[in-house]
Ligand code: HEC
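Starting off, we have a lone chain in the form predicted on its own, written out as structure tokens.
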């Protein structure tokens, strides 16, 4: 075989081999791209978890389960199946999350259930740095992706031991009192394990166990009631007079006050 013929044969084989490789890679490309998308989404969710932990847990709970009276659960079926219709949002849920996180919320859409951390506007702060908040657009997209990752758990597709919503029974005085505690802004000043992290006032863990021995002549119930309506009557050592608002008796009805006391009496 002459050299030129050999070169033609080898060139033809090389072209055929290259073509075959291109075809094989072409068939595999959709799968590769799909794997790449999954990987990128996983990295976005992981990043979003960090953003959520650093910025969102005080209101929405350490696991997104919500805080009674403050902010709703982000991992229950209602959020994933009914929330968009409830607020009249025409787009997708992830875009809705991005919108709410970006601009915040001045007033609650369910004020009887969730009043924000302070009970005053805004019930959710603006988070986008475009409007004075601390988060970049990529951080907001990431936290939205992280929240969307709760969907299979919320819909029962994946078993989870994490509570799907704020653990509170509003049919009981104690449950209603927990809502009052959050709605009146008590979470901003008082720490209760698993509920709030405020450090302006005394930690309330174990309050019911020690309240009856704090002021002579006052039962635990009487002491707690006095501490709410007349907070300067007894000042817990280490705290200054006048820090706690003096007008809670005016801000709450008698029923709300009684419910709040009932809730605080559960903190043994």
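The term rigid core refers to the maximal set of C-alpha atoms that superpose within 1.5 Å between the two forms. The model shown is predicted, which means the values in this text are computed figures rather than measured ones. Numbering follows the first chain given and starts at 1.
This protein has a second form, the form predicted together with ligand HEC, left out of what is shown; the following refers to that one.
Ligand HEC is not shown here, and in the predicted complex it never comes within 4.5 Å of any heavy atom of residue 193. Put simply, residue 148 is far from ligand HEC in the predicted complex: not one heavy atom of it is within 4.5 Å. In the predicted complex, residue 103 stays away from ligand HEC, with no heavy atom inside 4.5 Å. In the predicted complex, no heavy atom of residue 130 sits within 4.5 Å of ligand HEC. The candidate site formed by 58, 185 and 231 is fully in contact with ligand HEC in the predicted complex, as each residue has a non-hydrogen atom within 4.5 angstroms of it. Contacts of stretch 228 to 262 with ligand HEC in the predicted complex, defined by any heavy atom lying within 4.5 Å, are made by 228, 231, 234, 235, 236, 239, 240, 243, 244, 245, 248, 252, 260, listed in sequence order. Residue displacement note: residue 188 has its CA displaced by at least 2 Å between the shown form and the other one (rigid core superposed). If you fit the rigid core between the shown form and the other one, you'll see the Cα of residue 67 move by less than 2 angstroms. Once both forms are fitted on their core, a CA shift of 2 Å or more is seen for residue 179 between the shown form and the other one.
Panel note: the distance between the CA atoms of residue 58 and residue 188 is smaller in the predicted complex than in this form, the difference being 3 Å or more. Annotation: residue 178/residue 109 CA-CA distance longer in the predicted complex than in the displayed model, change of at least 3 Å.
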